[in-house]
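Subsequent text provides structure tokens for two forms of one protein chain, presented individually as structure 1 and structure 2.
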Structure 1
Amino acid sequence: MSTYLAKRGGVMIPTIIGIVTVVFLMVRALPGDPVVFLLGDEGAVGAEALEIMREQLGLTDSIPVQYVRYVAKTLTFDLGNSLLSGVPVVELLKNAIPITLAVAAASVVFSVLVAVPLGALAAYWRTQGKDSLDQGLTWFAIIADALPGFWIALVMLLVFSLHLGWFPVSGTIEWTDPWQVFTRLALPVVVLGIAQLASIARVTRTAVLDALQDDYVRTARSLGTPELTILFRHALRNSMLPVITVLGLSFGRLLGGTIITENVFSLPGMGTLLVQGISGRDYTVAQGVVLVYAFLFISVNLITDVLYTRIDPRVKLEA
């Protein structure tokens, strides 16, 4: 295991360097001048004031010089200060990351708790000749997958927040108040969880359907083992590797969903921070957020590989 992790760590280094380079270039390709956004156009403050501000921010240096300076600071975990507020980007991320991770983790748990049993039951009903129930669950998953996430978010916001008043529309998150955290994050978690339901349910159904045809299932039935025990304790347990795989692969989609969902529900997470950085031409904030997103995606893929060995001891990680 340690040899494998060391090898994966070595592979991650050029990957992270590539990500840093792409992020640096893409952010600077954004249209607009952050100095003009901060101070106003030349007619309002004068060309000299704009040039002085550009020099203070290091924007007058060549792109290679800016890149070397950015990489050197990144290696020391110095992501610079926000061009708009002057607050260190690391401090902004410290406040935003827990919110995004909480929403993402809870949405994964929600989708797994709903989709995995649905997929397993659909496979079981298929083997029992109850095709209508199987098709009903399958179509439910397909429809849930086809609905745009932002549309679901707006509908839930309109119904449960504005009309019924069950959940707050905006406001800060007080981690010391569990009920306030629940009411603030419940709708975003459900919206993101629905986006994962279809893929998880379909993969679970296919994997369990194959497992129910294996010899050990027939042996368990001949010994009088209850059907629910066979389904959830044996067949489902031996079908979890594909489910873990699709969870790891869909994490990128989940991160993209947090950007939209956080803005719809006014959550001060990384998605909102990224949109503010891009709209305000705040290079340092946009760079820092995208870099953290990329690091999270790489980390989740590594965790997915390690989980394989915990779920199925027969799987060995090659060094």
Structure 2
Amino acid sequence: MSTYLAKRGGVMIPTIIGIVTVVFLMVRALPGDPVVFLLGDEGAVGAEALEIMREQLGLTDSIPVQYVRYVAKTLTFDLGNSLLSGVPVVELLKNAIPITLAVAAASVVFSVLVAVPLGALAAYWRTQGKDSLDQGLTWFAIIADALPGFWIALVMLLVFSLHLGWFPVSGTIEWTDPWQVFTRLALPVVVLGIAQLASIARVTRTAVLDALQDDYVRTARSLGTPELTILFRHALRNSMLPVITVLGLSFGRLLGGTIITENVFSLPGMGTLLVQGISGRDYTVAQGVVLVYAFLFISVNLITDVLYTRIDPRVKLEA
């Protein structure tokens, strides 16, 4: 196991170097002079002020020097200060990351809790000759996939917050007040969950349908095991691998979804930070957020691979 992890981690190193390089180059490739943007043009503040600022930001050095310095700083978790507010980017991220992670994780839990039983039942009923739930799921999948996330979010906001008044539209998140956290995060979690629900249910359904034809199911049946026990204990258990695959594969979409959902529900997470950073040309902030997103993404890919081997002993450990 540990050698597998080491090998798999080793493969990630070039990717990590690549990510850091891309993020560094992204900001160098930006049009316009960040110093002029920050202070105003030369006529307004004078060439000297611009020069001092440039010096402070380390923009006077050559690109390779800047690159080495950037890598070194990143390795020590120093992502610079926000160009607009002067607050360290790490501080901003410290507040934003838990919100994004909470919403993302809760949405995964929500969608699995809803979709897996649905998919299993659809498969079970299909073997009984009733496929209306199955067809319903197919259409739900198509429609849920087609509707833009921000649209679903806005409609939810319109119905549940503005018309029914069940959930607050905005407000900060106090982690000490669980009820407040719940009401504030419920809608975003459901919106993000819907996007994953459909594909998880479809995959569960297909896998369970396969599993129901396996020998051990026939054996269990011949021993007089109740159908529901067969379905949920035997067939479903052996169908979790594809579900994990789908969760891993759709994690990128989930992260993309958090950017949009946070924006609609004005949650101060990483997505909001990113959009603010880009529209306010606060490059250090944008840079930091992109870096964290990319790291989260590849870490989850690694975790999915490892989970695989834990859940299915048949999967060989080959990096």
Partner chain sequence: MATAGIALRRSGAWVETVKDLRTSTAGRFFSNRSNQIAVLFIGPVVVLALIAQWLPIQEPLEINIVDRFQSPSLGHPFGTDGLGRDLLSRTLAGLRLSLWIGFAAAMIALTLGVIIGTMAGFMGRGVDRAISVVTDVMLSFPTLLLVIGVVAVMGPGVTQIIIAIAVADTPRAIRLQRSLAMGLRSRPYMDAARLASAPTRWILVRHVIPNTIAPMIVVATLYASNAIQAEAALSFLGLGIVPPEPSLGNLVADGRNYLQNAWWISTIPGLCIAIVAIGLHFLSDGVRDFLDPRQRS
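In this text, the rigid core denotes the largest set of C-alpha atoms whose superposition between the two forms falls within 1.5 Å. These figures come from a predicted structure and were not determined experimentally. Residue positions are counted from 1 along structure 1's sequence.
Undergrad: Pick one: is 1 or 2 the form predicted in complex with the partner chain?
TA: Looking at both copies of the chain, structure 2 is the one that matches the description.
Undergrad: Residue 279: CA shift of at least 2 Å between the two structures after core fit?
TA: No, the C-alpha position differs by under 2 Å between the two structures.
Undergrad: Rigid core fitted, then: does residue 66 show a CA shift of 2 angstroms or greater between the two structures?
TA: Yes, because once the rigid core is superposed, the C-alpha of residue 66 moves 2 Å or more between the two structures.
Undergrad: So if we fit the rigid core, how much does the CA of residue 24 shift between the two structures, in Å?
TA: Displacement of the alpha carbon, after core fit: 2.4 Å.
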